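Below, in C-alpha cells: the form predicted alone, a single chain.
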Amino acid sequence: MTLGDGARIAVIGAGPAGSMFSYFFLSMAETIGLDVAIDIFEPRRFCHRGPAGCNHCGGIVSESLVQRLATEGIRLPDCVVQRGIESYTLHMDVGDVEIATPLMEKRIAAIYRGIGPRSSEPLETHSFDGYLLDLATQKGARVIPRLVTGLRREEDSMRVQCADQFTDSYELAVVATGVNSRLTEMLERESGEFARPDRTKTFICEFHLGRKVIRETFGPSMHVFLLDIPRLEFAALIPKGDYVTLCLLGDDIDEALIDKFFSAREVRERFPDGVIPGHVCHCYPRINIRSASPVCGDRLVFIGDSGTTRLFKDGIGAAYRTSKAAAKTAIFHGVSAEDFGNHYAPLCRRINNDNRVGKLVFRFATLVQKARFARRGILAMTAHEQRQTDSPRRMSGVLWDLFSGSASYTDVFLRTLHPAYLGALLWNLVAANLPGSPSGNGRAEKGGHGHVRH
C-alpha cells in the first residue's frame, strides 16, 4: 500500500493537525516529484467570529514551537499573534509571585483559533487555524466545505460520506476532527475495532476589558491560579488584545466548579474593582485525556486530538508532531496499518507514556493545592529565585514548563528529583512556615518581579 502519482488523500478537519499534515505532505511530495491531490473537508469558516469560526482552545503557543514552525517555512505574522506573553503570575491563597521567562526562547504567544470572540469588533487580525489552512491551500490542497459523517473501508480505498449525501473514495483518509466531532463516535460504534479517545469537559470564556485596562491590570503576563478547588487541575487568564481568555481544565468542569472559582478572592482581585464582568463568549469543549486505540489502520490514520495529544498542555505542539510524522510515513513508507504501526505509532506511544508521568505530576499538584504549608514553601522558593540573577531557577523553571507545556512531563518530573531541587524545596518548606516568617505570619510584602504579595 504505497501512494503513487494520481493518489488522492482525504483530510477530515482543518484544524492545526489537518492543515499541517496537508502542508507537510504536499511539501514532501513536491520534493520527491510525487503528484498527489489532497481534499480537506471542513464545514467551518475560520474568518467568522464566535462559535462559527472557533476551534475551542485557550490559544497558547510556546516560543520553541514558533521557532520549529519557522524552520518548516511556517512563520506566524504579527496579525496572528494577539499578544506576546513574557511572564506567568502565580496566584495562591498564601500570595502571588511573578515568574519571568527563563530564557528569551521560552516566551509564549497568545492566539485565537478563530478570528475572535462573539460580537468582537472587526480588527486587522488573523485566525491561527485560518492562517495554517491558507498555507495548505497555497501548497495545492483543496478545501471542501462539507461535514463528513461517515468513513467506510473498501477493497483498495476509503470512502468518505458527507451530511449532504456527497461521497467519494480516497487512497488515504486522515482523521483530524478533534474530539468534539461526532465522527470518531460513529467510527467507534460502527467499526468494532476502534476506541475513540477518553475525554473530559473544560470551560473557556472571553471577557471584554479593553487594551488599556488589560495593560494596567494584567500586563504581558499569563495569570495562573493554584487554588484548593476539587477537580480543578489548571486555571489561567490569558490577555489577548481587547479580551482576556479564561481557561479551566480538570475533571468534567461544571457550573458548580465555575461558581466556586469565580467566588475565590484571588480571582476577583484580578479584575478592576474586584468585579468579574459578564463574559461575551463561552464554551464547554471536551479535550483528549487518553489516546484513541488504535491510532491507525489500513489507509486510515488519526492525528492531533483525534488520536494522541499532550495531557492538558501544548495540544498545538502535539498536532505538529503527529501531523508531520503521519505525513512522512505516508510519503516514504506507505499507508498500511503495518506502515503506520512501525513509523507513526511509536511517536504516539511516547506521548502516551509521557502523559502517564503527567498524571503523576498533576496528582502531586493536587496535594500541593490541599496543603497550605506546601504552597508557602513553593511561593518562598519561587520568589527567592526570581530575586536572584545568578542562581539556578529550579522551581521557576519547573513551574514555567508545567504551565506552558514547553518541556515533556518526564523532563519536568526528573528535574524535581534532583538533589539540589529537593534540598532547596525542603529548606523553603521549613523557613516559610516558621513563626515570624513573612509567609508564616501573613505580613504583606511588595508585589512584582521576585516579590511576594500576601
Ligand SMILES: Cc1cc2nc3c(=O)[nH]c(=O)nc-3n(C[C@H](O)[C@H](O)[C@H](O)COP(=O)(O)OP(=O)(O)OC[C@H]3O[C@@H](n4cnc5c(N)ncnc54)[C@H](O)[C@@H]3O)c2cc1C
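What you see is a predicted model, and the numbers here were worked out from it, not measured in a lab. The first residue of the shown sequence is 1; numbering continues from there.
The same protein also exists as the form predicted in complex with this ligand; that form is not shown, yet it is the one meant from here on.
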| item | value |
| --- | --- |
| Partner-contacting position among 287, 347, 81, 361 - heavy atom within 4.5 Å of this ligand in the model of the complex | 287 |
| 173, 383, 319, 141 - the one with a heavy atom within 4.5 Å of this ligand in the model of the complex | 319 |
| 4.5 Å heavy atom contact with this ligand in the model of the complex for all of 89, 241 and 271 | no |
| Proximity of residue 148 to this ligand in the model of the complex, heavy atoms at 4.5 Å | yes |
| Contact test in the model of the complex: residue 137 vs this ligand, heavy atoms, 4.5 Å | no |
| 4.5 Å heavy atom contact, residue 26 and this ligand in the model of the complex | no |
| Heavy atom of residue 96 within 4.5 Å of this ligand in the model of the complex | no |
| Options 181-189, 361-369, 347-355, 262-270; stretch whose heavy atom lies within 4.5 Å of this ligand in the model of the complex | 181-189 |
| This ligand in the model of the complex - contacting residues of 228-248, heavy atom within 4.5 Å | 247 |
